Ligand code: ADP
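First comes one chain, alone, set out as structure tokens in the form predicted alone.
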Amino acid sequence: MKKYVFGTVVLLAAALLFLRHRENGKRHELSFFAMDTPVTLTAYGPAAPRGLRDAEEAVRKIERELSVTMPTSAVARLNTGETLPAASAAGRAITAALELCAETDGAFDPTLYPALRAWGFTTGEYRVPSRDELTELLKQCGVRHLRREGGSLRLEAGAMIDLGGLGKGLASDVAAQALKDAGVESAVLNLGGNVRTLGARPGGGRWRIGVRAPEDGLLGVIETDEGAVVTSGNYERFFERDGVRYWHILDPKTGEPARSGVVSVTVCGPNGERCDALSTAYFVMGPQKAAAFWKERGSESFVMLTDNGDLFVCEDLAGRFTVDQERKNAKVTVIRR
């Protein structure tokens, strides 16, 4: 009798362990639209449902703070002449943007909104501004127009801040933290090209993140641990006039789409906000300047596609990036320190 009881207990314990393992690996998904992009959050385990709700609210809170087109946002109010506490969430994001602007020697510039708006990228009313118009608009751009007075930030008349270059990356960071705080140990968040992973992939091994190719399909796959994988490309927001393509990533020196010979840049690192901003900066810099910056600064690594189909890959990503079969004949240059 004791043997039967013991055997029953062992089987029951095994069954409970199996059910617990299955629940810990159960996949939960939440999709919604925010920050002008489709958002898909995927989390695993029993804490996922609550964590996903908290993560969505975290994304929407960042949107309410940083949206340049939402009249009630902190950034929109700053752009219309109000002051903003430097210690607020938006104030901290602006401070981070200014630091990244200085670090990249202006390749990432959060003050280009007057020029961006003239092109119609924020309204969808696309047009090609004249050179004279852009020259005048650039006089309103530049971090010199942002004033810090005590604990507050203020913009000079005509100047405007746009944090779209790091907003989704920041939102992915705070959403990942919300999931972690809820007890989620494994998740992947996709905010329109901004991918953020949390913990280990269910079943073990690294996360495999597909990098979109300009003509659809995949450029390749990046294997990553917890962190961010962010792509900026000239195929994301653009319009064409008389056979010429114009995209939303502007050169701060000209106010025109950055024509650095780059089609897309994918940046990998631990922080989504920083990877988001650097994906723009690297795009503006082009292959040679981006490689020099990476070597000198020891900064976040990248995979870059040029307009002639060549690929540049930082050495610490070379073993974790697999080129898609459709591009197996592409020239790949590994950037080494």
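For clarity, every value in this text was computed on a predicted model and none was experimentally measured. Note that residue numbering begins at 1 and tracks the sequence as displayed.
Form predicted together with the ligand: not shown, discussed below.
Interface stretch in the model of the complex with the ligand - options 101 to 109, 131 to 139, 144 to 152, 83 to 91, non-hydrogen atom within 4.5 Å: Selected stretch: 101 to 109.
Listed residue that, although the ligand is not shown, lies within 4.5 Å of it in the model of the complex (heavy atoms), from 181, 156, 223, 236: Flagged contact: 236.
In the model of the complex, the one of 219, 75, 187, 249 near the ligand [non-hydrogen atom within 4.5 angstroms]: Of 219, 75, 187, 249, the residue with a heavy atom within 4.5 Å of the ligand in the model of the complex is 249.
Residue 232: touches the ligand in the model of the complex, heavy atom cutoff 4.5 angstroms: Contact with the ligand, yes.
Contact label in the model of the complex: residue 41 to the ligand, heavy atom within 4.5 Å: It does not: once the ligand is placed as it appears in the model of the complex, residue 41 has no heavy atom within 4.5 Å of it.
Distance check, residue 173 to the ligand in the model of the complex, heavy atom within 4.5 Å: No, residue 173 stays farther than 4.5 Å from the ligand in the model of the complex.
Exercise: residue 197 in contact with the ligand in the model of the complex, heavy atom 4.5 Å: Heavy-atom contact with the ligand at 4.5 Å: absent for residue 197.
Residues in 286 to 322 with any heavy atom within 4.5 Å of the ligand in the model of the complex: Contacting residues: none.
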